[in-house]
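The chain below stands alone, shown as structure tokens; this is the form predicted on its own.
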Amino acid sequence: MAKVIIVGGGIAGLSAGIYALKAGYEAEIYEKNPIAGGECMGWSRKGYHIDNCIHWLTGTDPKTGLWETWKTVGAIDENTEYAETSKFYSSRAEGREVTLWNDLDRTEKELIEESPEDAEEIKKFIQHVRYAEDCVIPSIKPMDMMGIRDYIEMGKGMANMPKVMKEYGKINCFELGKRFKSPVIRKMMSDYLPGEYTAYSLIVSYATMTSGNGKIPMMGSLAMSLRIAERFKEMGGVLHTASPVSEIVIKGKKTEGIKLEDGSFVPADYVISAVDTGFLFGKLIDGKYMPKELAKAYEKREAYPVTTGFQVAYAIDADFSGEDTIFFDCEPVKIGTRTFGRISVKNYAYDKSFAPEGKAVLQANLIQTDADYEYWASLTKEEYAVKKAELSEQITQRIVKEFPELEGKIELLDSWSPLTYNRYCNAYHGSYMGFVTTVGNKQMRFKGTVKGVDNLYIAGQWVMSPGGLPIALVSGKFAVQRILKKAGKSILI
């Protein structure tokens, strides 16, 4: 029986392992950290649980192919409990607050009441969110393996997406905001996603929530990763944790296997790299193998920026009224050469497993990008610790000023920066998403293959923008399908 070795035990690697087993191969995963899950992770501090990843999980609607894929890997099923949340997020500015509710009629009514002069633009926005509710992520097979029938079938469910792209595909979120006269609605449109994102990204993200296809599984990210890892092991897969890989060994036009940091060699018939592509090319294999499409994204930093953040977690009293995520203006905070005047806080009170009874976890985030990573990376270990503590205190002060009811009821649990993601996951510039698609640039996408190496495949969120958990999930499956196609076998698994 042929053996598939997977480098990296995040969602992409676990998915690849499970589908390799389903396809009849032996499968082993090598993960550098003590626990599988990659960026779909959480950790505990002082009796509280900090969730690092899932703001919503795309693919929770049982009518979608993506739901079936999540079910196959053991992430969710018919009995999964989801958080009872009613909104995407809220934005505050100049004493006003507006919300993108999961109920589109409620959102439309609230926004028009807030700004009657924006009624026409608001109705247009709402209508296009409705159009985008049918947008799907291909999960049956890779698009390059689709036939005419596949495209016709996919097109039936996405007939309205061309309307969304025509209206919002050539502007970014900043420009979308400028269409509105209301100051608070303007800010809302570039709050959740970085302003450089194409506006349709916000439309599709919001539509995922309003359609019911983007819910939050209870127990959080770590619990979901552990469920998937357990499914892999139950199927007969072998998971090696605390086993960092130093090299994917290539001889001629084939990889012979992998070399671990302890010097040992593991032979393989096929290797799937499920690590950050910035780490794969130039670290595990020679950078000359990098696909042109991917190399272009790494070279054009302004055209293809990345998203990361400086985040702080707190223990709070559960009677704090803010549900889920709120953005607000604050006294400017300086990090390196950049200044931030807006912060978001997310209340995790909806999941009682995260905190002792009568308490909850609150997390704050300052969205960051390439330049911020460079700043953090320039600091010495001592400077880094000082800056992190200083910034955490500044953010705490600004949260308490915005929410006076938290005075004396908020305790710092932990803080982390873009460097944390780089250290833990080898994430390029600390990014927890793939490359951002900006206006005027093609969406970054490449086949998960390596030209010149016949049996090496790539999975992970970097194979297609915007990245995230759904792309990681399906890319693992797609990598195995490419192996099957190469072997002349059916790719339907």
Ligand SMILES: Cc1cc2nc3c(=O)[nH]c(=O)nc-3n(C[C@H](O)[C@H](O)[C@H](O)COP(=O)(O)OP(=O)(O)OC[C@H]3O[C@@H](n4cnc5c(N)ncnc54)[C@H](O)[C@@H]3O)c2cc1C
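One rule holds for the numbers: they count along the sequence shown, beginning at 1. All values reported here derive from a predicted model rather than from experimental measurement.
Omitted from view is the form predicted in complex with the named molecule, to which the following refers.
Q) Though the named molecule is not shown, can you say which of Cys53, Val450, Met444, Leu66 has a heavy atom within 4.5 Å of it in the predicted complex? A) Looking at Cys53, Val450, Met444, Leu66 one by one, just Cys53 meets the 4.5 Å heavy-atom criterion.
Q | Contact residue in the predicted complex, chosen from Thr437, Thr60, Asn455, Asn426 - any heavy atom within 4.5 Å of the named molecule | A | So the residue touching the named molecule in the predicted complex, by this definition, is Asn426.
Q. With the partner removed from view, which of 262 to 270, 200 to 208, 93 to 101, 242 to 250 is the stretch that lies within 4.5 Å of the named molecule in the predicted complex, judged by heavy atom distances?
A. Result of the contact check: 242 to 250.
Q. Does any heavy atom of Ala132 come within 4.5 Å of a heavy atom of the named molecule in the predicted complex?
A. Because no heavy atom of Ala132 falls inside 4.5 Å of the named molecule in the predicted complex, the answer is no.
Q. Looking at the partner-bound form in the predicted complex, is Ala20 within 4.5 Å of the named molecule by any heavy atom?
A. Looking in the predicted complex, residue contacts with the named molecule do not include Ala20, since no heavy atom lies within 4.5 Å.
Q | Residue contact check: Tyr350 to the named molecule in the predicted complex, 4.5 Å heavy atom | A | Outside the cut-off, so no.
Q) Quick one: does Val275 come within 4.5 Å of the named molecule in the predicted complex, counting heavy atoms only? A) Judged by the heavy-atom cut-off of 4.5 Å, Val275 is in contact with the named molecule in the predicted complex.
Q) Across 17 to 38, which residues bring a heavy atom to within 4.5 Å of the named molecule in the predicted complex? A) If the 4.5 Å heavy-atom criterion is applied to the named molecule in the predicted complex, 17 to 38 yields Tyr30, Glu31, Lys32, Asn33, Gly37, Gly38.
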